[in-house]
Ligand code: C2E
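Shown below, as structure tokens, is a lone chain in the form predicted alone; questions about how it binds or moves come after it.
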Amino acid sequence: MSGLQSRRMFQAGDIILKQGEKGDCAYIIEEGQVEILIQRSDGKSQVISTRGPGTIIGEMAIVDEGPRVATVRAIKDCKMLEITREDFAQRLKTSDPVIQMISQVILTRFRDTLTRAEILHESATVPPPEILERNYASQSDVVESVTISNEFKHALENDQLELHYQPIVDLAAGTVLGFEALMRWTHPEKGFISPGIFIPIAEKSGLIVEASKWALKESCAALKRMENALGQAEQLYVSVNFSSHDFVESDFVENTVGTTAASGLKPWQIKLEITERLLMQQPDNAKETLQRCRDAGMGISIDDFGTGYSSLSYLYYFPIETLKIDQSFIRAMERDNRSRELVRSIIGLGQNMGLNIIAEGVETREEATLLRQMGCEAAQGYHFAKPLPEQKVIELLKTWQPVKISA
């Protein structure tokens, strides 16, 4: 076993999979080569093919609980990425129902074919499976995705992730109201990996659930340390991002409320930041969960407002406290009348519904001034401060001078 729990090493001659035995994982071959053998009815073994880097073995076991239909033996030293049945089930659960059904049907029929047919050779008119698999791999990012997923899991388990905090500023008073917690990952070999890359992969693999729990716990602890360092008890809040995967967990509310209470923070000091997409994917479950969080005293923020479905009905249907205007509209509003009027409309809508409004991605004083004139209450962005690690935030706030924006 290597440093990563999901990466396996095999030496030449090792039996990796054995025909007839129950399996619970598949492997993507990163390095090395294997041969695939079947035990014929007359007791003889026959090599039917080989597989090399970029191909997958043992895939049937992660779809159903049938026995292995062939033996796989390493003919060169191999390094492999493991895909467990649990990991596959998590990804399949979040896929389109048609894809779920087709995946199961194809594998079931393939098993049936193998049990009926005696495989003696491959047709000369059909490319060998290894060539086809490599073509599939070259047309997708599945290998890279699995690799990053495994490495993200390792990072999560070995404290390689950190949170940076971007101040959210009151435009009228110029004071800091709170922070948005943003996950950062600096890989020991690859360096900084963009959240735009690892967050979607963590969501697809289901790892985002543990990552979110870690982020909430760390955010609470960090805010408490900031309060102690600044002598500002119960004056700041932290906004933590959650995904649709978090909301299907049965203990989500209990864990969120319990983590907040254990930290010594007040419930209002934690804001749950979610996207419009989450609300549309599972509206009934989301409403119940969010209402329980609101009843416990926590706030609910809608991130990137205006970029998704933007249905006005859900502003009434869900217990939302804050709208965050997407930065793409903020950056365009000075040069584009339509963007400016859209921002103005969102601010007016929020005011009419008694919601708080935060503008994201504010980079210039001109943008901040325009937003203040439109009635926007708060903003975050590089004009005020970039996302910073905890200690840098403490240093910043110790010398913070209110950045008042005129209306």
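A residue's number is simply how far along the shown sequence it sits, counting from 1. In this text the structure is predicted, and so the values were computed from the model without any measurement.
Only in words, not in the display: the form predicted in complex with the named molecule, which the text now covers.
Proximity of Asn241 to the named molecule in the predicted bound form falls within the 4.5 Å heavy atom cutoff.
Residue contact check for Met183: one or more of its heavy atoms lie within 4.5 Å of the named molecule in the predicted bound form.
Residue contact with the named molecule in the predicted bound form: Glu363 places a heavy atom within 4.5 Å of it. When the named molecule is considered in the predicted bound form, Pro319 lies well away from it, no heavy atom lying within 4.5 Å. Of the residues Asp304, Glu288, Asp77, Glu157, just one reaches the named molecule in the predicted bound form with a heavy atom at 4.5 Å or closer; this is Asp304. For the options Gly58, Gly32, Gly381, Gly350, the one in contact with the named molecule in the predicted bound form, meaning a heavy atom within 4.5 Å, is Gly381.
Proximity to the named molecule in the predicted bound form holds for all of Ile199, Glu273 and Pro387, with the criterion being a heavy atom within 4.5 Å. Residue heavy atoms within 4.5 Å of the named molecule in the predicted bound form occur in exactly one stretch of 353-361, 39-47, 23-31, 62-70, and that stretch is 353-361.
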